[in-house]
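Shown here is one chain on its own, the form predicted alone, set out as structure tokens.
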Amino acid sequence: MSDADAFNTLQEKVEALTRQVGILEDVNAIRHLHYKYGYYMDKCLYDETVELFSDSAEVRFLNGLYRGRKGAQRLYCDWFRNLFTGGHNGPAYGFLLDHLMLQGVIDVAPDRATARARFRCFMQGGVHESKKEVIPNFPSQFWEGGIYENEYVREDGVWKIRLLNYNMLWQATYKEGWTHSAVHLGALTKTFPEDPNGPDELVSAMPDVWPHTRVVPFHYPHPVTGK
């Protein structure tokens, strides 16, 4: 092998390794982005949550679709913040809503401009008996499980959430457990502006939830069969 051929081969290996390292960095950044979303949600930091989204973001919650940063702000700041913390951005006395983010499967597109990811959410929620403010239709102690199938986009070198697609699959009160419980969240029925907190679009009927079971479609092929 000539010196020129050896140099070209070495250069190709360096470029391939640089690309592999770049993809690993992307995967790590996206994982951290989603974990930070969970931490902000835990402590009702809704302004900080909305800042994680791209300008063209979409949020799918229950059977509703919220479009853009304005839609995300309407969901997190106008609805959740007013409901859970009385309009205060940050943790509230006696309010618990911890999101455990687990089992991330992240796939970066070949151009490294977009990515898709699947995460499991396991949630503990409730209110302390000493909390004076009542949250309507909110159990005093409950569990929740769901699956995220999200999309991400790199904007100005920074990974942001392009689609947050949370699929709530089950809820259970703490004392009765999942054997005797059903979900306390119902379908959305009105869009914005008829409902000031409503989605921009009702995308479907309320998906099946516990005690019904369903498979949230996987964004990735089977790792062995390719199907």
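The first residue of the shown sequence is 1; numbering continues from there. The model shown is predicted, which means the values in this text are computed figures rather than measured ones.
Keep in mind that the form predicted in complex with another copy of the chain is not shown, yet the notes after this line are about it.
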For this session: Please pick, from Lys70, Lys160, His184, Lys190, the one residue with any non-hydrogen atom lying within 4.5 angstroms of another copy of the chain in the predicted bound form.
Result: Lys160
Exercise. Applying a 4.5 Å heavy atom distance criterion, does Phe61 contact another copy of the chain in the predicted bound form?
Worked result: no
For this session: Spell out, yes or no, whether the shortest heavy atom distance between Glu201 and another copy of the chain in the predicted bound form is within 4.5 Å.
Result: no
For this session: Flag Leu102 as yes or no: does it have a non-hydrogen atom within 4.5 angstroms of any non-hydrogen atom of another copy of the chain in the predicted bound form?
Result: yes
For this session: Decide whether Asn82 counts as a contact residue for another copy of the chain in the predicted bound form under a heavy atom distance cut-off of 4.5 Å.
Result: no
For this session: Note that another copy of the chain is not shown here; using its position in the predicted bound form, name the residues of 92-119 with a heavy atom within 4.5 Å of it, in sequence order.
Result: Ala92, Tyr93, Gly94, Phe95, Leu96, Asp98, His99, Leu100, Met101, Leu102, Gln103, Gly104, Val105, Ile106, Arg118, Phe119
